[in-house]
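Heads up, the chain below is alone and in the form predicted on its own; it's given as structure tokens.
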Amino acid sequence: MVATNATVVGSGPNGLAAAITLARSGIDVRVIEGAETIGGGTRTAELTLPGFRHDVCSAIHPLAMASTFFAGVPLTEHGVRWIEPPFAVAHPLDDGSAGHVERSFDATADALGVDAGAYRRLVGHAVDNWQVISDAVMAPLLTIPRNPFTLARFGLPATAPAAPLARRAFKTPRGQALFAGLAAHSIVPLTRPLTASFGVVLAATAHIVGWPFPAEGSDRIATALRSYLVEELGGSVETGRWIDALSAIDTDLALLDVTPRQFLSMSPSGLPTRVERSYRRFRYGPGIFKVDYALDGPVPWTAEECRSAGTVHVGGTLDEITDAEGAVGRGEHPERPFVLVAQQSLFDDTRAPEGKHTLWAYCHVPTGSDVDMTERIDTQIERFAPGFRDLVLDRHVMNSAAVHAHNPNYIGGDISGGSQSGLQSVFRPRLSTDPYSTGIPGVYLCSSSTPPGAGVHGMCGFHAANSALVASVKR
């Protein structure tokens, strides 16, 4: 029987992408969100003082610009205005210098001096063959690539652990640290295989599509997706209603923007034993500790490059970042954490009152951690921006438990929807030719626990919806 109606549980980018994809195919779609506001990881709120708009989770969105789903949605017509800072990212060191990545590939490489050739060799192939690599990265990962030879050339260095690769490839602390900071977005110790791929792909996205963010806040992405779904496609969105059991869904299709653990808690009947075992074995990664700042002025970075960057990687040298991420992997709390910083208000005056600024920062911590990392984060920023503490008007702090409470998908504070290490970075949430199917007819997962994984790109929802549509026709 061909499906005619569907329920999508969860209104994050993947849930809304699934709903839009189904609605475009003529399915009558309703989205049900447990929280009072939509958005999942794309919410914005006045967390500190009145007039200071902070992105609660996701802030910078390179993968949104690389997403074929988002490319086909008229976001700008529904209120999204993208802002791209002059530099995507900067990485300061103690001597006052900084590595940086900007839109120009050649300018980025040239700024690295003696490491220019190393950067070109490591990242250039991904830049030159971006469409092939992007298609593979954003696809269900068991899909046969259209150009396997190009993908294989990308894969040889990318499968390596980031730390030893950076140490071999780059001669200077600046080049090594810049690549390490990019790779550390994996939230996996940099001594493990595949972590280099995160560094290569994120560097390439900066050159091809940039690292932009929406004016006014990340919530504009969710608002635009809802507007398009409701106003142009006839879908509906309901907030403030938690779906705790599959039996509460009475439509032909159910697409769930939840992780495997949450799905199992919904007491599904008819779940195949092999699927249940896989979901119970699904591993979650480290959590995060997040601080949002209201500031009396811009961060006084010593390195000039940091003052032109939307994102700043605060962590020091390759060895320091490797040690910090390794400690988290062992269940420890680093004294000098690797801190990801976003400074949207430098380029978007809607984020704070005139003359004031916001700052968004988080570090990685063991899953479920309740350790207060505020002082360590403050110290790391102060290290590269003397006088920073004097500018702080207010802070809003979220430990891993608070992050989980804000969004139930973030199990133990894991913002990636599951560990991105080992085979689970490829086969998530289970080894299957259709990783979105739960084995229950008409029921699918569409969260970042499915391929292609974490990030604001909507591709998990897009692929899950297409899987559901194909199966619906076959039934």
Ligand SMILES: Cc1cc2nc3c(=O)[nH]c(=O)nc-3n(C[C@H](O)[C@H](O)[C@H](O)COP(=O)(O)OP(=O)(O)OC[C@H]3O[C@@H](n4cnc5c(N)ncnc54)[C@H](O)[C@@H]3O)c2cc1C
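Counting begins at 1, following the sequence as shown. Since we're looking at a predicted model, the values are computed, not measured.
The protein also exists as the form predicted together with this ligand; that form is not presented, and the subsequent description refers to it.
**Student:** Can you work out whether V29 and this ligand are in contact in the predicted bound form, taking contact to mean some heavy atom pair no more than 4.5 Å apart?
**Tutor:** Flag for V29 set to no.
**Student:** Can you tell me whether R53 touches this ligand? I mean in the predicted bound form, with a 4.5 angstroms heavy atom cut-off.
**Tutor:** The answer is no: R53 has no heavy atom within 4.5 Å of this ligand.
**Student:** At the 4.5 Å heavy atom threshold, is N407 in contact with this ligand in the predicted bound form?
**Tutor:** Yes, N407 is a contact residue.
**Student:** Check whether A385 has any heavy atom within 4.5 Å of a heavy atom of this ligand in the predicted bound form, and answer yes or no.
**Tutor:** Answer no; every heavy atom of A385 is more than 4.5 Å from this ligand in the predicted bound form.
**Student:** Can you work out which of K290, R351, R174, H313 has a heavy atom no more than 4.5 Å from this ligand in the predicted bound form?
**Tutor:** Only one listed residue qualifies here, and that residue is K290.
**Student:** Only one of 226-234, 370-378, 258-266, 103-111 gets a heavy atom within 4.5 Å of this ligand in the predicted bound form; which is it?
**Tutor:** Looking at the other structure, the answer is 258-266.
**Student:** Does any residue in 27-57 get within 4.5 Å of this ligand in the predicted bound form, counting heavy atoms only, and if so which ones?
**Tutor:** Contacts from 27-57: I32, E33, G34, A35, G39, G40, G41, R43, V56, C57.
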